[in-house]
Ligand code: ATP
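Next comes just one chain, in structure tokens: the form predicted on its own.
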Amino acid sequence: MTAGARRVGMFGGAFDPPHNGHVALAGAALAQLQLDELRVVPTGHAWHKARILTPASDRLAMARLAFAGLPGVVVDDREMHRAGPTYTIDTLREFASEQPGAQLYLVMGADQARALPSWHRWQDLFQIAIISIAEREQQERAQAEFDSMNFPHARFAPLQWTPMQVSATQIRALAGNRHNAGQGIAQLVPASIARYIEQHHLYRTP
């Protein structure tokens, strides 16, 4: 990487639905990593999830709504058009090819970081991108775990933020309650996402 190289981050996930924690993490990454661009990449076929995801069109629409207020964020739908399972390593390689000379950052939360050794060709990620893990109390422990795996070329850029007690699983459960769906998730997701979920009747159980 040359001095003054363009800084590009990748933040992937199901975003089913995107919530306030996702938006806060993206904002922290843009500011602290001094990113020129953060690609938010909703996953296509999530090989690692047992449940069936909400249709890609809905998750893409929600991602665009959720991150619309963050300058520098580009919602990238390439994984949704990829046949078969979608892997982060393939997307990062595409970014590297499209933006030669750019410094790539892979942004992730603590849960994703702990599951990283189960990812497809996860060791190759270290060769392409700086790993940026967003967690507070366990940041040093998480980084030490990777260091102990003997990857001398692994690079880390910690993100400092205040974790939020919110999860997509929790939001889907609350939204499935016909009696208090709007009120139940109002403090957990951007207002545009709460409206979208209500208007499209997402996460309702039969």
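Don't overthink the numbering: it's just position in the shown sequence, from 1. All values derive from a computational prediction rather than experimental measurement.
This next part talks about the form predicted in complex with the named molecule, which is not shown.
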Site test, 111, 134 and 167 vs the named molecule in the predicted bound form, non-hydrogen atom cutoff 4.5 Å: yes
Any non-hydrogen atom of residue 190 within 4.5 angstroms of the named molecule in the predicted bound form: no
Contact of residue 25 with the named molecule in the predicted bound form (heavy atom, 4.5 Å): yes
The named molecule contact in the predicted bound form: residue 155, any heavy atom under 4.5 Å: no
Non-hydrogen atom contact residue 45 with the named molecule in the predicted bound form at 4.5 angstroms: no
Options 122 to 130, 71 to 79, 87 to 95, 103 to 111; stretch whose heavy atom lies within 4.5 Å of the named molecule in the predicted bound form: 103 to 111
